[in-house]
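There is one chain below, alone, in C-alpha cells, taken in the form predicted alone.
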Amino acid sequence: MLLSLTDDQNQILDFVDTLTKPYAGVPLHDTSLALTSDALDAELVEGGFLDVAAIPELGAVTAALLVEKLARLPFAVESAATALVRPLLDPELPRPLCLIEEGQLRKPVRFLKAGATVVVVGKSGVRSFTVTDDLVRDAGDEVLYAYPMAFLTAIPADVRTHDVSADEVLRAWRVGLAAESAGLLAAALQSVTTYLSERKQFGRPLATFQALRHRLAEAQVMTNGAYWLAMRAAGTGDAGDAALAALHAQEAAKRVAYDYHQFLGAMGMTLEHPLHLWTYRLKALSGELGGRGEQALAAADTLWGAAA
C-alpha cells in the first residue's frame, strides 16, 4: 500500500485547508447542538471538490481524504455520500444526498430536507427520489446528534431505479462512513488534547498525568487505525476492506467518546465546549448500517466467502 500522498492530493488538501479556514472554529458564544453552513457547502460545490472521485488520476482515495478532512470541521458537511456514492449512481443527482437502508423508515436521516435526494439501498436494489416537503418531519428534540436530522415519512411510488448493485453502494457507503468517522475521531482527540494541555490541576496541566496520557495514546492508536483502514478500503475497492474499516471506526467511536467527555469533567457535560460537535456525530455514525454487529457480519461474509 502506497502511504505517500501524490502532489495532486496534497494540493487539493491545501486548497481545502485555505477554503475552510474561516469555518475551522466555532462562532463565539455559540452553543448549538449542530452547526452547518450553506456558504461553506456552496464553496465546496463551486470548487468541484465533491466530484474528485470522477477524475481518474484522483479517484476514491482522494475523495476519502477530502471526506476525512471536512469531517474535522465543527460544521457538519454532507460530503461522504456525494463524494463516494453519487458517482456510482448519477453525478448529477441533487444534493444533499441522504442514504437509508430499505425498511429503516423509523430512523432519523442525516441532512434530510426538501430538495434532497434520498437513496434507498436494499434487497430490492438501489432506488432514489427527490424529497418534497410532505415527506419530511423535523426531528426536533427527539434525537441528540450533531447533524441536521429529520424523519422520512414515506417512500413515494414514483422512484428512480439505478443500474448498480446494492452491494457496491453499501461498499462505498462503508468507505464514506469510515473516512468521516476518522476525521471526527481526529478532531475530537485534538480538541480534548488542547483542553487537557491548558487546564491545570494540582499546579500542572492535566495532560501531564500519566493515566490520562496512556488513555490518550490508546485513543491516538485507534484514530490512526481508523484513518488508514478507511484509506485502504477506498484504494482497494474491496467489500471486505470496507466492512473492516467501518467496523473499526464504529468500535473506536464507542471506545473513546465516553473517555473524552470524562476527561473534560463538568465541561464535557455542557454545550459550551465544542467536543459534542464531533462525538455526537460519531454517535450517529455508530448506528449506521446496523452498527458494529452488522459490519462484523459483513466482513466475515466477505472474507469467508472469498476463502470458500
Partner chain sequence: MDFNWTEDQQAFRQKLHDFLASTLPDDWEEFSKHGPASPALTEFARGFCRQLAENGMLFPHWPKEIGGEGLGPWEQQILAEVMWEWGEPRGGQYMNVNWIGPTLVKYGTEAQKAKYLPQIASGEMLWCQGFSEPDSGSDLASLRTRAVLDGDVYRVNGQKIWTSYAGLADTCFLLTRTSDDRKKGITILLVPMDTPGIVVRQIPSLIGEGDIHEVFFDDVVVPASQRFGEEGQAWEIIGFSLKNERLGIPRYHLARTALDRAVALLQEAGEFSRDAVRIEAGKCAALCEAARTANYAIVQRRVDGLDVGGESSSARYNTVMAERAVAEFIVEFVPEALTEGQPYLKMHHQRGIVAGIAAGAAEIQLNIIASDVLQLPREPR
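Source: prediction; values computed, not measured. Positions refer to the first chain, counted from 1.
Not on display, but discussed next: the form predicted together with its partner chain.
#### Entry: Among the candidates P108, P87, P74, P96, the residue which, in the predicted bound form, approaches its partner chain to within 4.5 Å (heavy atoms)
Only one option qualifies, and that one is P108.
### Message
in the predicted bound form, does each of Q201, H276 and E294 have a heavy atom within 4.5 Å of its partner chain?
### Response
Each of the three qualifies.
### Query
Going by heavy atoms within 4.5 Å, which of 124-132, 173-181, 208-216, 87-95 lines up against its partner chain in the predicted bound form?
That would be 208-216.
### Message
Since only the chain is shown here, I'm wondering whether A266 would be in contact with its partner chain in the predicted bound form (any heavy atom pair within 4.5 Å).
### Response
Yes, contact at 4.5 Å.
### Query
Using 4.5 Å between non-hydrogen atoms, is E142 touching its partner chain in the predicted bound form?
Yes, E142 is a contact residue.
### Query
Is T36 one of the residues lying within 4.5 Å of its partner chain in the predicted bound form, judged by heavy atom distances?
No.
### Query
Looking in the predicted bound form, any heavy atom of K283 within 4.5 Å of its partner chain?
K283: contacts its partner chain in the predicted bound form.
### Task
Enumerate the residues of 247-274 that have a non-hydrogen atom within 4.5 Å of its partner chain in the predicted bound form, in sequence order, or give none.
Contacts from 247-274: K254, R255, Y258, D259, H261, Q262, F263, G265, A266, M267, G268, M269, T270, L271, E272.
### Query
Given that the distance between the C-alpha atoms of E142 and Y23 changes by 3 Å or more in the predicted bound form, do they end up closer or farther than here?
Here the pair is farther apart than in the predicted bound form; there, closer.
### Task
Look at the CA atoms of E142 and P274: state whether they lie closer or farther apart in the predicted bound form than in this form, given a difference of 3 Å or more.
It is closer: the C-alpha separation of E142 and P274 falls by at least 3 Å in the predicted bound form.
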